[in-house]
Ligand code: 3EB
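In the form predicted on its own, a lone chain appears below as structure tokens.
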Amino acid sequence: MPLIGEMKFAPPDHADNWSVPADAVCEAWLSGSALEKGQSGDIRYRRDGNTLFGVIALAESDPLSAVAASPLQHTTERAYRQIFELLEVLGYPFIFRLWNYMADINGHSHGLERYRQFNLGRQDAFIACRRDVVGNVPAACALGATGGPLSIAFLAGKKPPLAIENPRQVSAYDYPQSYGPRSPTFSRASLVRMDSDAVLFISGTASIVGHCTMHPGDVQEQTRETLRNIEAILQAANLQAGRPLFSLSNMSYRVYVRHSADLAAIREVMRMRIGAGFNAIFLQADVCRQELLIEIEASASVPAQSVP
């Protein structure tokens, strides 16, 4: 089948090297149709008749005008404006899923944590391009790396996704201002029809109940709480689908681990909760809150005729 998009991840011993080594892990998205590839501005993309996968990577730069924005805020807005403009021109108006990676996500500069700078730039672009910033927003994650450019991958299409929220958590776009001047712009999950499949994309999920971090300093309890949140999202998605389509055991996981020494403990909790044969990729990355030790995202697909 044609390859519509791929995301490559270096193993731990290459974590500080932004070139892609031969033994990198690759996550691939396949299409059953002929593909067209192209480039628009800084975005490289592939698309078929229904779906588009794109990637943009920008070095952080200062605003050219006297606008009071940090380089990360400015660069984030630039990247998202390019994404939205491309999707409008090519006719793929609905974003299903976004993956955001940036250097030093928990660092502080310009009087603000860098993740909060990113949220400012992201929401500025959503508003400028007349995109919803509450409710009908894409699934997403935002993780920190030791270096490199702001890198964003995205999957979009021609049919609107169904945003799913977690009843155990305050929606991210409704967070109080104590978490920054602009709330994060993402839903907890998106349920999408893609060709012959219905796909559930679960956003980066962590040990948060309401809007508060739970179990600081305890990676095993954070893992258990994260899985409880994922299970709540699955229950909400199954309710929307009208039948039990998704479960912890049929999801594919991408697990972001802050400290590599915690990997064995996290694996054991997941094995006990999901089963020995769970499907996961483990990556070392910083999570958006300093006190969070783990973040998990997940996805699964079922035949589209199973979804009303």
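Position 1 is the first residue in the sequence shown; the rest follow in order. None of these values were measured; they are calculated from a predicted model.
Only in words, not in the display: the form predicted in complex with this ligand, which the text now covers.
Comparing 215-223, 147-155, 230-238, 112-120 against this ligand in the predicted complex, the single stretch with non-hydrogen atoms within 4.5 angstroms of it is 112-120. When this ligand is considered in the predicted complex, residue 100 lines it closely, a heavy atom lying within 4.5 Å. Proximity of residue 192 to this ligand in the predicted complex: non-hydrogen atoms within 4.5 Å are absent; the residue sits far from the partner. The shortest heavy atom separation between residue 204 and this ligand in the predicted complex is within 4.5 Å. Interface membership of residue 95, defined by any non-hydrogen atom within 4.5 Å of this ligand in the predicted complex, is ruled out. Shown here without its partner, the chain carries 165, 200 and 298, none of which come within 4.5 Å of this ligand in the predicted complex through any heavy atom.
Proximity to this ligand in the predicted complex, defined as a heavy atom within 4.5 Å, holds among 140, 79, 137, 72 only for 140. Although this ligand is not shown here, in the predicted complex the stretch 47-62 places no heavy atom of any residue within 4.5 Å of it.
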